[in-house]
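One chain follows as structure tokens, the form predicted alone.
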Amino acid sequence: MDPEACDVLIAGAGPAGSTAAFILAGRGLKVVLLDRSSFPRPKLCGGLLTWKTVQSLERIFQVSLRALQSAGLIRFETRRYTVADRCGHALTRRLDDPFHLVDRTSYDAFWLRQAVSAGAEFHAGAAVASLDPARCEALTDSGRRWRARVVIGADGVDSRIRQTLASAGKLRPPRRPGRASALECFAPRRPGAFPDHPTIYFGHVRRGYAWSFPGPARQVLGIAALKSPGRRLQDDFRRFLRELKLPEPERRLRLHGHGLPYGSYLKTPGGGNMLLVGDAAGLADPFLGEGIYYAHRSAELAAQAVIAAFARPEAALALYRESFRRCLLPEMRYAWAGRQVIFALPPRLYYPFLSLFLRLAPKIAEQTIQGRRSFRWFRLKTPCPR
């Protein structure tokens, strides 16, 4: 049976895949978007939007923050954050630019609807089962075969597209350890039980951190870390919940696990006519794990490369690699280097080191996390060419 043809096949309909689909379909390309799930679907994530993420959404989708609030995507907004340790020390700072917290289930479904409204063809329950990089063909687990000019892998940290390219020798996986395990649970909010703003905890786990993010009805509690020999992340998380002094029933909350790209970023995000974006390219802040911004931004860069190389799709990867290395790779490298400095310390010293920096340079710290400054020596950012 001959494969069905399209201009761009996108595996994964999360924020990265939907962003690429929105841009490409809006330019008149035939875009097929596949995902193993139907939407809305559950998605584990703290759901924090930084200033740079909001700016990207406004630019890409031409949608205002007020519109996102009206659509019910913003579940919490705050101008404060706290960094704490397991000994009860804590440092709270006020932000110039607020953090916005979203529910990923409704957030992801919203951007998928924008992609479909722009003309993308969405197929739920259709995961890529096998891939032929040479022919740019994909077979789904439902038996449907597609051939595209370009394939975009937005299929997450366990990306089938990335695995296939690595097996075919078309990309070089990073040598550095860069995949973390993460656990989350959801506790009912009670007056005074939790901070009403994001809190990051250091010292509860080696080479990682824990968090508490507020919501209207429930608190998102989580922990993430690189693997440490002889330690179970679940034990560290249960200990963290006990030290939060949760009631006994809440300490036995159901835990949900997922992988987190935590330094596994690629220097060349793809191979042949196949591009990788978001988690599939290993794009999450190697220090604090922020991934939503990098999902939208990498997808924007990949889509722009595909449009520019439409007459010669084999040139799309080179164009994407150029903008990727200019706009995203330096942030990954310098955030990873900073993480290495901190994680070389014993866990009990993570908080003292960071709290000292936050006391000495609070604005620089905030502007770096929010994206007004670069992780590259904390320089003020100049707009990256689009």
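Just count from 1 along the sequence shown to find any residue number. Treat the numbers as computed from the prediction; the structure is a model and nothing was measured.
Omitted here: the form predicted together with a small molecule. The next part is about that form.
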query: Partner proximity in the predicted complex: residue 210 to the small molecule, non-hydrogen atom cutoff 4.5 Å; finding: no
query: Any non-hydrogen atom of residue 154 within 4.5 angstroms of the small molecule in the predicted complex; finding: yes
query: Residue 277: touches the small molecule in the predicted complex, heavy atom cutoff 4.5 angstroms; finding: yes
query: In the predicted complex, residue 39 touching the small molecule (heavy atom, 4.5 Å); finding: yes
query: Among 39 to 47, 55 to 63, 348 to 356, 323 to 331, the region lying within 4.5 Å of the small molecule in the predicted complex by heavy atom distance; finding: 39 to 47
query: Non-hydrogen atom within 4.5 Å of the small molecule in the predicted complex for each of 15, 127 and 292; finding: yes
query: Contact residue in the predicted complex, from 149, 197, 204, 104 (heavy atom within 4.5 Å of the small molecule); finding: 104
query: In the predicted complex, the residue from 218, 93, 145, 258 that sits within 4.5 Å of the small molecule by heavy atoms; finding: 258
